[in-house]
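Quick heads-up: it's one chain on its own, the form predicted on its own, in structure tokens.
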Amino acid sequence: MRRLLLISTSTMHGRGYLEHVRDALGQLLQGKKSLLFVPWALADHDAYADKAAAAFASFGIRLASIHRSDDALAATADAEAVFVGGGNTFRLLDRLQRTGVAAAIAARAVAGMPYIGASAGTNVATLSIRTTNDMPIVQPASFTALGLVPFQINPHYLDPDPSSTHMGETREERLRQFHEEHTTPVLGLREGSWLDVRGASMQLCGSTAARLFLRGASPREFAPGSDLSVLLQENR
């Protein structure tokens, strides 16, 4: 039974790190004493781990960072829960693949270990990282991700600004280009939103709506509280 929190962003403007999702984290981690943190999306692992540790200490959760472990696979096998932080998605997936931790986390999460992803950590929970906003600063072996959910997510989704004079592609146009090549649904998660996955059910939570893109169809808006369990069905 999957138990996932897939968060668009770890920090909302004017609020502290993970503060906007604090209640959901508390519910997910109830009864847990420790958490394994994966900081590989950023370059400064120590500073990132210290920041995350301070946030989870307020829940009474001891955070251990995987980069400080002598055996990353053993640390994953022993973890009560995992938090994969944000940063550059390509760098994160490359490290997950090279260490074998991608497959190890996926196996544990499918079996019911709580998984928390924020930004890049949410990207790698999907089928692939093809809908990330990040630049490919490194080249992973493939774009194939953990596959904890059978659809794509675009964290930090931004709506077009009608007052902008910028003539480049909008986020919606880029996601439409994805559907020129693929049929997989893409959910645009705006800042302040997250997905709460419990087995075969999934709810959109937070303060902002999400935008669903399907190949050959107009985008659809879903308000906070919407049941999006249909996206967990395979072979769409």
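Sequential numbering from 1, following the sequence displayed. None of the values given here were measured: they were computed from a predicted structure.
Another form exists, predicted in complex with another copy of the chain; not displayed. Remarks below refer to it.
A.B. asks: Could you tell me if all three of Arg91, Val138 and Leu175 have a heavy atom no more than 4.5 Å from another copy of the chain in the model of the complex?
C.D. replies: Result yes, every residue of the spot touches another copy of the chain.
A.B. asks: Looking at Leu212, Met12, Ala24, Leu228, which is the one with a non-hydrogen atom within 4.5 Å of another copy of the chain in the model of the complex?
C.D. replies: Selected option: Met12.
A.B. asks: Here the chain is shown alone; which of Ala81, Ile129, Ala118, Ala102 has a heavy atom within 4.5 Å of another copy of the chain in the model of the complex?
C.D. replies: Among Ala81, Ile129, Ala118, Ala102, a heavy atom within 4.5 Å of another copy of the chain in the model of the complex occurs only for Ile129.
A.B. asks: Go through 28-36, 199-207, 59-67, 177-185 and give me the stretch that gets within 4.5 Å of another copy of the chain in the model of the complex, heavy atoms only.
C.D. replies: Result for this chain: 177-185.
A.B. asks: Even though another copy of the chain is not shown here, does Pro114 get within 4.5 Å of it in the model of the complex, heavy atoms only?
C.D. replies: Flag for Pro114 set to no.
A.B. asks: Could you tell me if Glu169 has a non-hydrogen atom within 4.5 Å of another copy of the chain in the model of the complex?
C.D. replies: Glu169: contacts another copy of the chain in the model of the complex.
A.B. asks: Check whether Ala54 has any heavy atom within 4.5 Å of a heavy atom of another copy of the chain in the model of the complex, and answer yes or no.
C.D. replies: No, no contact at 4.5 Å.
A.B. asks: Using 4.5 Å between non-hydrogen atoms, is Leu42 touching another copy of the chain in the model of the complex?
C.D. replies: Residue-level check for Leu42: yes, a contact with another copy of the chain.
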